[in-house]
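A single chain comes next, written as structure tokens; it is the form predicted on its own.
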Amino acid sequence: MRLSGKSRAFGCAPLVAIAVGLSLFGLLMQYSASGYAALTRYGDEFFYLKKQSIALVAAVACMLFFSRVEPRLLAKLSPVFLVVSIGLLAALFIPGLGVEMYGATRWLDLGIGTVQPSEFAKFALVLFMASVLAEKREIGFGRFALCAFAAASVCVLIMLEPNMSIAVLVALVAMFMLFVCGVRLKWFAALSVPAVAGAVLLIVAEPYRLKRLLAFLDPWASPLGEGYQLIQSYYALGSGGMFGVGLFNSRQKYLFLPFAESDFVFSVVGEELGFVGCVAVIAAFCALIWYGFRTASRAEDAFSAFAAAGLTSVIAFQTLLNIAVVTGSIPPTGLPMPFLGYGGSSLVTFCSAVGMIDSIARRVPERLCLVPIRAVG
């Protein structure tokens, strides 16, 4: 039985091609969505495009690098990745290092630029959990508790920024991994109840979160306040119709739709390219996610299977949550669309994750192995 990784440049060429294609398409949509805002704020309509182009070069380099890194090495280094990520999250609260924007301290000033530690932490947690849960076939309470503690630590630090949206994403991914890796259902249920209760308490405890929830239920009750962003997203998607108003012809990007280049770039896609464009983007993400989970089902060892499933789940959950937000299906959150939304840290980490999945795909047998993820051990 020959390992395909020995002879091919990529383990899963379609996966890499889709990721790069979405990233390039993201550059196009970010320019369209941000050109006027960049010209107004910085006097350069290419301001965001230039920064994201540099990030894309770094992202592709990271993708290629991680596609050559052995999964066994990732497993060994996973505790280091997690400790460094937690350290970066903690460093946000050191005066002079953390950068506050929009009332939250989510960015770390490195002198030559800023990074968002939470973007790295969510993937580091996945690798750590995969390595812990793959140590033995039978998952005991000790390993379950270690994973739960690691996930809780990351979530708490992210909540302190505050950034509830990414904290919820991390919690969802952690729960997903515990489930697919075969953790006993009674432990899973015991962890789910306090997690859901905690989320409800966090919403009730902060007035602005409760306002967002109420605005989601009836955005027209505060059309110039909490409901403004969602209403503008509705206008963008609604005016796009079936085929859109045409590329670069968005009207909502003229400072009507906040964060049009990042959190709400999908709204601009809907306005300019219409329902057909939205379906095409969603289809591309579905294909990427399918290739990711297929790689997990074919993996040659438990760590590779769990890691591929976890990394893919981050892409899947964040894409789903972003689309749900811009379409008004869930309350607004601050999650950019993977690959398409503006943000260097996000682009680099998602492309790195694709590189890791490709590395796992390079080392699977050429014949199809239809082994359920929960049965791998």
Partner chain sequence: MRNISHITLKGRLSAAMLLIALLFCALSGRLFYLQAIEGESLTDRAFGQWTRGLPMRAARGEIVTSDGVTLASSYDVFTVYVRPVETENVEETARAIAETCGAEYERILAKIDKTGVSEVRALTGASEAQTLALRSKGIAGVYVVADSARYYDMGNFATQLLGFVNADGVGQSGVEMYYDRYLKGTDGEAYTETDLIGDKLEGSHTSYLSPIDGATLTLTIDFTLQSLAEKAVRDAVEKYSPLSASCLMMDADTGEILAMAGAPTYDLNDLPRDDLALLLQGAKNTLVADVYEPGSTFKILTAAMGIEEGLIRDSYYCPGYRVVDGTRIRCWRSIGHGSQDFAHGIMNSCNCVFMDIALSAGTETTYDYLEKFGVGSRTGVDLPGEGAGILLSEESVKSVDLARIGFGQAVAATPIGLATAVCSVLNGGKLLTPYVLSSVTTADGAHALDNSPTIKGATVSETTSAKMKEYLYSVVEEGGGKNAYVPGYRVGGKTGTAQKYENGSIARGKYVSSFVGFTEIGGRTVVCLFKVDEPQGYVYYGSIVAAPYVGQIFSGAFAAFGVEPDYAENEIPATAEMPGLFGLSLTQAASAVKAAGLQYEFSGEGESVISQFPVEGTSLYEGAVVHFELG
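Positions refer to the first chain, counted from 1. Values in this document were obtained by computation on a predicted structure and should not be read as measured data.
Unshown form predicted in complex with its partner chain; subsequent notes refer to it.
Peer 1: Out of W290, F141, F248, F149, which one falls within 4.5 Å of its partner chain in the model of the complex, going by heavy atoms?
Peer 2: By the 4.5 Å heavy-atom cutoff, the listed residue in contact is W290.
Peer 1: May I ask you to choose, among L82, C155, A299, M129, the residue with a heavy atom within 4.5 Å of its partner chain in the model of the complex?
Peer 2: That would be A299.
Peer 1: 270-278, 90-98, 116-124, 158-166: which one contacts its partner chain in the model of the complex at 4.5 Å, heavy atom to heavy atom?
Peer 2: Checking each option against the 4.5 Å cut-off leaves 270-278.
Peer 1: Counting only non-hydrogen atoms and a 4.5 Å threshold, tell me whether Y42, V173 and F259 all contact its partner chain in the model of the complex.
Peer 2: No: none of Y42, V173 and F259 comes within 4.5 Å of its partner chain in the model of the complex.
Peer 1: Is A324 close to its partner chain in the model of the complex, meaning a heavy atom pair under 4.5 Å apart or at it?
Peer 2: Contact check for A324: yes, within 4.5 Å of its partner chain in the model of the complex.
Peer 1: Could you tell me if Q252 has a non-hydrogen atom within 4.5 Å of its partner chain in the model of the complex?
Peer 2: Judged by the heavy-atom cut-off of 4.5 Å, Q252 is in contact with its partner chain in the model of the complex.
Peer 1: So, F46 and its partner chain: in the model of the complex, are they within 4.5 Å at any heavy atom pair?
Peer 2: No.
Peer 1: G328 versus its partner chain, in the model of the complex: is there a non-hydrogen atom within 4.5 Å?
Peer 2: G328: yes, in contact with its partner chain in the model of the complex.
Peer 1: Within 4.5 Å of its partner chain in the model of the complex, counting any non-hydrogen atom, which residues from 216-238 show up?
Peer 2: Result: W220, Y228, Q232, Y234, Y235, L237, G238.
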